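What follows is a single chain, given as structure tokens, in the form predicted on its own.
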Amino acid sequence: MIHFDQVSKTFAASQRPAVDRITLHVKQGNICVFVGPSGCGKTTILRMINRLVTPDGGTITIDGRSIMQMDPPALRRTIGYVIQQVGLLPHRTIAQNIALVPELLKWPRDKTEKRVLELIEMMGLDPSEVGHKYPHQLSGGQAQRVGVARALAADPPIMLMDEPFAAVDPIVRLRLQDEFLRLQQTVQKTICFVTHDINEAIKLGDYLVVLKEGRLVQTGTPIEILTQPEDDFVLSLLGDDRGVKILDLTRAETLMEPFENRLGPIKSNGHRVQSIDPVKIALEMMMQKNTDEILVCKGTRPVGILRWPAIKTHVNRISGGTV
């Protein structure tokens, strides 16, 4: 849906390109996360998509059409944009903030009001409680939800999100991430998401783009990046707990011993996880219950058993570590 072909950008105050010949493709309906340290070009890439920054070279296309052929204001009205500072207008109520783009598009009033109520509820907020309030009367988590609602107001096919959860405390941030993933299952937008937090990138991304000093270092799914880091830079970005992150993306059914060919009754110590649960959950339960094996079920039906040696072997094989 969004295609970058040899895209570059150098700002006047710098001799080094902020973005250096980036080529990549963002698939429709995916969350593509740009991750890397400060100054690696993440935000510049995002802002080139909606033409807040103009590329020096290369082309960016949306559905095969160059963004340089589109009127910038019209382009921006079709792309939701969420930033860390939220950017809500302080003199407008929450309902009025969310209604901003529909009003610019001259939607009928009843359609706009219906959409505003729908989005406030979708964000897990009560329209009667927050709709009439002003931004300064909201908590940080509430304000970020309203920022996402405003970006979704005109039902844009693309959303750009620049460190949207970075300004809230860690507990609220985790809650917002979970809500964001739940919301994406419903709305299925094409999302370009910027973060410097590798854990957030792994949790949210369908596809990761790792950047360093304006250059693309590695791309791939979270599990591909975790199991096949391109170089020492990516390895250091992933951190010392790479094995644990891998277990968070590996389903219990992947490492279990299946019961398909088992003879005799199935014995259990009473501890169980679902087949689709991350192995990390099973490992945490093993440690809490002081056991080295756990039953794996699909619903109420036992389908296999997961043992500690299988987890240990898996982590050592793909991460090269010692557990």
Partner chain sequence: MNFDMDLFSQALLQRAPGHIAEHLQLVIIPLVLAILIAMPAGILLTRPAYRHHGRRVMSVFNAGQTIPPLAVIALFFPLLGLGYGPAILALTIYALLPIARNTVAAISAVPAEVKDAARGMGMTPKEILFRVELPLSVPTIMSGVKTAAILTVSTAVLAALVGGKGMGAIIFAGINFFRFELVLAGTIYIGLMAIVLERALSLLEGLLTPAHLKNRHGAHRRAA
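Keep in mind that this is a model prediction, so the values were computed, not measured. Positions refer to the first chain, counted from 1.
Beyond what is shown, the protein has a form predicted in complex with its partner chain; the following relates to that form.
Of Glu103, Glu224, Glu121, Glu113, which one comes within 4.5 Å of its partner chain in the predicted bound form, counting heavy atoms only? Contact check passes for Glu103.
*Considering Ala166, Ile79, Leu176, Ala95, which brings a non-hydrogen atom within 4.5 Å of its partner chain in the predicted bound form?*
That would be Ile79.
Its partner chain contact in the predicted bound form: Arg150, any heavy atom under 4.5 Å
Yes, Arg150 lies within 4.5 Å of its partner chain in the predicted bound form.
| Might Leu52 be said to contact its partner chain in the predicted bound form, defining contact as any heavy atom within 4.5 Å? | Looking in the predicted bound form, residue contacts with its partner chain include Leu52, since a heavy atom lies within 4.5 Å.
Q. Should Lys280 be classed as touching its partner chain in the predicted bound form when contacts are defined as heavy atoms within 4.5 Å?
A. No, Lys280 is distant from the partner.
Does the 4.5 Å heavy atom contact test between Gly87 and its partner chain in the predicted bound form come out positive?
Residue-level check for Gly87: yes, a contact with its partner chain.
Specify the contacting stretch among 224-232, 132-140, 240-248, 205-213, defined as having any heavy atom within 4.5 Å of its partner chain in the predicted bound form.
-> One stretch meets the cut-off, namely 132-140.
Practice prompt. Using heavy atoms and a 4.5 Å cut-off, decide whether Lys289, Gly299 and Ala310 all contact its partner chain in the predicted bound form.
Written response: No, none of the three is in contact.
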